[in-house]
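Only one chain is given next, in structure tokens, and it is the form predicted alone.
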Amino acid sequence: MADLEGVKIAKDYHVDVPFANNEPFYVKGANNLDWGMKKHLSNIFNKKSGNTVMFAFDHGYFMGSTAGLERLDLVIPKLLPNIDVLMGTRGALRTCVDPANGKGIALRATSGSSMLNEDLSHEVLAVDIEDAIRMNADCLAIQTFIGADGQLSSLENLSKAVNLGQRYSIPVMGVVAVGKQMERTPRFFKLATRILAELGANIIKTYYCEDFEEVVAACPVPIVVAGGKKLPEEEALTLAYNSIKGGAKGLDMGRNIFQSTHAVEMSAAIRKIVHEGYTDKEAYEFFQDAINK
């Protein structure tokens, strides 16, 4: 194993210096990718803002029927105007989503555990690459567990997906999973996001934390922030604003949209922050005005 004695702790992140290899293609870290990869990434990230609004509805793959997602066929169409990318399983996409929706597709490609398991970290690469191609997926979403019992197998899943993605020009989104025994600290997220990027992930989905600007600066590919547990709408909008302000290139909101009593208005408010530069206060005022009309 590597000799860790004397290794210095990184501290000089140059958070005020833009990413150097960011032209001519606008997606961070993608300059040296082929045309097909860039085409898929352009379906995910808006060229004008450089950002994305993802809507995660893949919770059913390990939770079954989830509050707010009982009827995907009714929930998703209402949200489409405010969403850039749909993140779901192939089963949900094929059965409940109009293929003419015009949105990017982040295909959940790992599975194998359920909420009945004490340890969710043991997953497999469940989607055949040919099926991902048939679905015209814009990226493969791979759950990864850093520091958990299933770390080795999940990183193997990620590596296999990256190899296949490079072969067929499909980007990979590494999804940082936070287990019960792992602390949501800047140190952990710097470690996890950098590992996934070094292994070849083209996008990283992770959580917001303190010193988030350093997490972003140390990661050479775009970071999309997960919404996580349901928060009051005002708090969720503050999370969204702080994430974008801190350098995230998008939000992947699930429960903070579909479990809101005003899901459509909430998705519109998120979009204002991500693409139009609204502050959290401006977005919350927009949200309140929208629900009071």
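Note that residue numbering follows the sequence shown and begins at 1. Everything quoted here is computed from the prediction, not taken from an experiment.
There is another form of this protein, the form predicted together with ribulose-5-phosphate (5RP), and it is not shown here; the text below is about that form.
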Q: State the residue from 56, 224, 244, 44 whose non-hydrogen atoms include one within 4.5 Å of ribulose-5-phosphate (5RP) in the model of the complex.
A: 56
Q.
If contact means a heavy atom within 4.5 Å, which one of 27-35, 45-53, 263-271, 249-257 is the stretch that engages ribulose-5-phosphate (5RP) in the model of the complex?
A. 249-257
(Q) Taking ribulose-5-phosphate (5RP) as it sits in the model of the complex, is residue 87 in contact with it (heavy atom to heavy atom, 4.5 Å or less)? (A) yes
Q) Does residue 228 reach ribulose-5-phosphate (5RP) in the model of the complex, with heavy atoms at most 4.5 Å apart? A) yes
**Q.** Partner proximity in the model of the complex: residue 143 to ribulose-5-phosphate (5RP), non-hydrogen atom cutoff 4.5 Å
**A.** yes
(Q) Within 4.5 Å, heavy atoms only: does residue 207 come near ribulose-5-phosphate (5RP) in the model of the complex? (A) yes
(Q) At 4.5 Å, heavy atom to heavy atom, what parts of 28-46 sit next to ribulose-5-phosphate (5RP) in the model of the complex? List them in sequence order, or say none. (A) none
